[in-house]
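The data below hold one chain only, encoded as structure tokens and taken in the form predicted alone.
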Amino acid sequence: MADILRTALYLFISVFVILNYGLLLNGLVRKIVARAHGRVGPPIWQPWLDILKTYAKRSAISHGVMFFLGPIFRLAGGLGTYLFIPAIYGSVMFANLSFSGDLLLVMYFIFFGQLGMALGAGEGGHPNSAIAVGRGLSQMTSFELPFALSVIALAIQYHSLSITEIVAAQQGGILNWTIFTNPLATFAGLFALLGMNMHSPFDIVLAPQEVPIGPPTEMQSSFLGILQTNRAIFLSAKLVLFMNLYLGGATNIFAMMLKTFMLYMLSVVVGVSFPRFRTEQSIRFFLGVPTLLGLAAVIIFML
């Protein structure tokens, strides 16, 4: 019982830290993007205020059971993705439940949250929700292909699907990181990360000025609060996952924050530099060079 309580406490601390880190990233990036556009932008602490405000409100809107479950499934996907990843290699507190799952389980949770949100938004009464769901699922299918090929290449390279073992194999120096030992798989994965983060030119789901807010169009009050909470957790979870797979993981919290921040800035820089793709342009992009890079990585390591 003592071990169970200790594990639960560590998980609570880990989720609390990653939630606030994700909110900090969102606040910083909104300020950076505003400066790039020549605006002042909201304060860095605005994401915390938004969450408190939305959780304090109540809504009488209902479109059925799945409408309520959509945000719950989305949050479950974000939490599941993070909880089975070692946030800090060698740390007892931030190891999470990485000993209980592998990379395939984490990929399942990534899909689970997005599919759950699609079902919930699809039951809403606003046409923009259904439009954005169709766009989002199309783009998700296209960027998951190069990511899956990248994962297959890593499994062949490291002879394991355990994220902890993949991180352990990259210890001993920067030249052991996957970005240097398997650059093709790394770049295929990083291209997929651009789609997962959904910054411009891949923000076809939220589609600013066209399909406002996308799937969460009718999600308000506490429903929107759950989605905002998941946005912070899921963002951080994806960054930690890619850090573990391609950048050697992190042995302390400062290394984790530095590496994940640099990964996120990759999406931000691309986002402020390029206009948004249309749906077919985004799909064509991911099925082009990123997929070819993933295929090449798999073939090279098979040979």
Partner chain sequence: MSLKDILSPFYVWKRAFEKPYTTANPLTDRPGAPRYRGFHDNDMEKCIGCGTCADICQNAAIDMVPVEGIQTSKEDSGLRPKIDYGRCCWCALCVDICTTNSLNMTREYTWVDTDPDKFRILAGAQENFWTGKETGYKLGEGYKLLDHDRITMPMVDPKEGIKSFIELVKGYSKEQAIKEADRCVQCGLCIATCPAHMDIPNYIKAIREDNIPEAVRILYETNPMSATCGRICTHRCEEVCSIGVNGDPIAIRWLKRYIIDQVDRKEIAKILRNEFKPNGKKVAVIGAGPAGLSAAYYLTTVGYSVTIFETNEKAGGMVRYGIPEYRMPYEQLDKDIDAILDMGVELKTGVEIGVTESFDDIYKNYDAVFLSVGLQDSYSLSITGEHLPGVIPGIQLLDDVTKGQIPDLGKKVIVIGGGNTAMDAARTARRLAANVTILYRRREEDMPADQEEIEEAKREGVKFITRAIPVHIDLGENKKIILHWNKAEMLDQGPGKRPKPVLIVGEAYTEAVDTVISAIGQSPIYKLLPEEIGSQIKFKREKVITDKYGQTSLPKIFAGGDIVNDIADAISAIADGHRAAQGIDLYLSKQVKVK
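None of these values were measured; they are calculated from a predicted model. Residue numbers count along the first chain shown, from 1.
A second form of this protein, the form predicted together with the partner chain, is not displayed here; the remarks below concern that form.
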| item | value |
| --- | --- |
| Contact assignment for the partner chain in the predicted complex, among 268, 250, 235, 263, heavy atom within 4.5 Å | 268 |
| Contact flag, residue 274 vs the partner chain in the predicted complex, heavy atom cut 4.5 Å | yes |
| is_contact(residue 36, the partner chain) in the predicted complex, heavy atom dist at most 4.5 Å | yes |
| Residue 32, heavy atom within 4.5 angstroms of the partner chain in the predicted complex | yes |
